[in-house]
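Below you will find one chain, with nothing else, as structure tokens; this is the form predicted on its own, and questions on how it binds or moves follow later.
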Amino acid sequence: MIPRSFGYHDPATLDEALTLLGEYGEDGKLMAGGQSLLPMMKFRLASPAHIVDLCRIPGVDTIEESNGEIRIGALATHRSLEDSQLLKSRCPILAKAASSIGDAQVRNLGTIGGAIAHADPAANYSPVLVALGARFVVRSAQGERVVAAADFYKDTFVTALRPSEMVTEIRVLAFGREVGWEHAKLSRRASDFALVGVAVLLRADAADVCTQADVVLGAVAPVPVRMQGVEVALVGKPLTSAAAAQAASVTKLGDKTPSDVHADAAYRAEVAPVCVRRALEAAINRMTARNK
């Protein structure tokens, strides 16, 4: 299909883009890579009266570390996250999450800020960012605020963003080999959205007894879901395959688990504990390898 007609705007600065967004409000839509917005417009699931294209705006695509915190510009592409040596060494779970988004062409154009604002429940980044305790810098022409990832996602394709705001930066704490981690997704094809997505971060003491566990699932509810039962089952236990299996067995999905053409809610509930167990085992293996 062909999108409905719209006004096109090509600002050269971030301030100009925010002014336009404030002027058009709910009638305007930001476009970064366009990998989600344009298909929705073609199917007329979205019909903004004005498009504000961000592609010419400089300086909003950097990936830098400062005082143990990694700051990622919202216009950084999935490819740049995938290839970032900084992320590979200081926050590798994000680099891995980026590496399995769509295909090469999608990763070359799509941006982390666009993916976050789109808020597809099955997207790669959302469970990872919640597990990391990420913070999003949100700006409008009136000012700036910071929103925790756990508070940002409200429903399917619904976020805490106001019509005049855009995500400009993502902030996550850097970590090293002291953290066991894994991002995994179950999908029909590697380039597909997840049927179940899993993000795991594990911390342990010198005896490999778990001191902190962050386990978050995506694609099983309108927003990322923290598996608190799994986390409680892990903390205070030696990190072994047996502990992973026992903790994964308490994985429970809620009554908002979706059914769609790819998988129904019963299937997702059946495979989720398996996905969690495998992700926990991979994270534990990474922690074990650090001592060799």
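Numbering starts at 1 and runs along the sequence shown. What you are looking at is a predicted structure, and each value in this text was computed from that prediction instead of being measured.
Beyond what is shown, the protein has a form predicted together with a small molecule; the following relates to that form.
Stretch 118-126 is the answer when you ask which of 202-210, 88-96, 118-126, 173-181 has residues with heavy atoms within 4.5 Å of the small molecule in the predicted complex. Candidate site formed by G218, L253 and P258: none of these residues places a non-hydrogen atom within 4.5 angstroms of the small molecule in the predicted complex. Though the partner is left out of this view, A247 does not reach within 4.5 Å of the small molecule in the predicted complex, counting heavy atoms only. Contact annotation: G34 falls within 4.5 Å of the small molecule in the predicted complex, judged by heavy atom distances. Taking the partner from elsewhere, G197 is found to have every heavy atom lying beyond 4.5 Å of the small molecule in the predicted complex.
Using a 4.5 angstroms limit between non-hydrogen atoms, D192 touches the small molecule in the predicted complex.
Interface residue among L30, A263, A243, I57, judged by heavy atoms within 4.5 Å of the small molecule in the predicted complex: L30.
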